[in-house]
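Listed next as structure tokens is one chain, alone, in the form predicted alone.
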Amino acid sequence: MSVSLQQHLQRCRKVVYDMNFTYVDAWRQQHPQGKVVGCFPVYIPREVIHAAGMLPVGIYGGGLEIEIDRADARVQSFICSISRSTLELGMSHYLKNFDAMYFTSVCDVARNLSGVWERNFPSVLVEYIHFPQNMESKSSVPYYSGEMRGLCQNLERIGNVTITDEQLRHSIQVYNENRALHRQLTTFKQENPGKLDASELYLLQRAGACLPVEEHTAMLREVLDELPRREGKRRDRIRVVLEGAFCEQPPLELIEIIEEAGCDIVASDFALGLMWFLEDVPVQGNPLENLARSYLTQSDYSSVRHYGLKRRDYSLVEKVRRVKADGVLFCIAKFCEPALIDYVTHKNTLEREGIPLVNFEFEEKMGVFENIRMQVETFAESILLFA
């Protein structure tokens, strides 16, 4: 492995698990008047934040890095780990340098967390983004573009800036380039599973939630330039799609164990919001309407997005066929109602289509993986046995 690729991976790991957000402090030193906006999963229109000259930072909870203490006095213990540990980050002053927090309509917990945040941090701008729920309504594009126009106005107010259409078009182009590189990296993994581990792909992509987009794009270009020259590993594994980790992210050790147990993760919904659009967002025309229309017609399927007449279970089947996977691993965060509800439909459809599957739950502070390792090993061996 080349030295520079190793350095990129080491840096990504450091950034992803830096709960002190030292890279945010570094950005602030370079942009003394700049503002920092925390973005709760799954999807946030980061182009709007970028166009305001601000830094959008993905907030994916505290993982194993912090203990939950203060948050449990304000939210229930039977909700997902990411919501509890995100609130703990705020209550423990890890997010003291953030000027705004964005939440979206992914579930009831996220909706209520925005209200809890607003009450406990009155000096911070808190936005709850209402996405359109009826994908086929003629009012959906003007409704969502109006919602984003309100986001722009509030960012202009706290940043004392003006967001122009030209700045929005530039930001859309910048993020189009970044998402295109994400897609290239994912395709490389699918075509060369022995040259790039899923845990490495995860770190490279997840760092995009934290770093300035231009910096992350430059890094991905260097990585994609080096990867073809990397020596591949020959290994007897099945190809799997991992589903259910679109919001709360599994421990990195769990991703590593899944591959060690005999599976190449050739497609997943890790940090889905970073790769939300399947095609470039149009640059010409009204930028907010373009973002709204792309959300309605060009975004990836997910348990937290309604699709009108298009069923999510058949979108999953299409993905399995497209990446030539041998089966599906449902890796679902504990207490995640959207994923658990969808699992029933997904399971029934996959079984009708003859696609093998296995499911298990995880949480951020999970430290023992032997039961999951045994499940995955048995799953992989059963498929290899009858291959």
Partner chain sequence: MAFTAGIDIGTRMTKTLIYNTDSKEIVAAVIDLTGHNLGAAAQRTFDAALAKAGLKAADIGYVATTGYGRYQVEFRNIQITEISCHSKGALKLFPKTQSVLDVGAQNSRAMRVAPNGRVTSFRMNEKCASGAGRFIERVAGALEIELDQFGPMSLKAANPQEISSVCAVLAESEVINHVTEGQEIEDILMGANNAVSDRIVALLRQVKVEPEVTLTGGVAKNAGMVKALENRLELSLNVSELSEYAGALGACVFASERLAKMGQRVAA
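Note that the structure is a prediction, hence the values are computed from the model and not measured. Residue numbers count along the first chain shown, from 1.
What comes next is about the form predicted together with the partner chain, which is not displayed.
Taking Glu260, Glu118, Asp300, Glu226 one by one, only a single residue has any non-hydrogen atom within 4.5 Å of the partner chain in the predicted bound form, and it is Glu260. A residue is said to contact a partner when one of its heavy atoms sits within 4.5 Å of a partner heavy atom; Asp236 meets this definition for the partner chain in the predicted bound form. When the partner chain is considered in the predicted bound form, Glu377 lines it closely, a heavy atom lying within 4.5 Å.
Remark: Lys365 does not count among the residues lining the partner chain in the predicted bound form, judged by a heavy atom distance of 4.5 Å or less. Although the partner is absent here, Arg11 is not a contact residue: none of its heavy atoms lies within 4.5 angstroms of the partner chain in the predicted bound form.
Residues of just one listed stretch (227 to 235, 244 to 252, 71 to 79, 90 to 98) have heavy atoms within 4.5 Å of the partner chain in the predicted bound form: 227 to 235.
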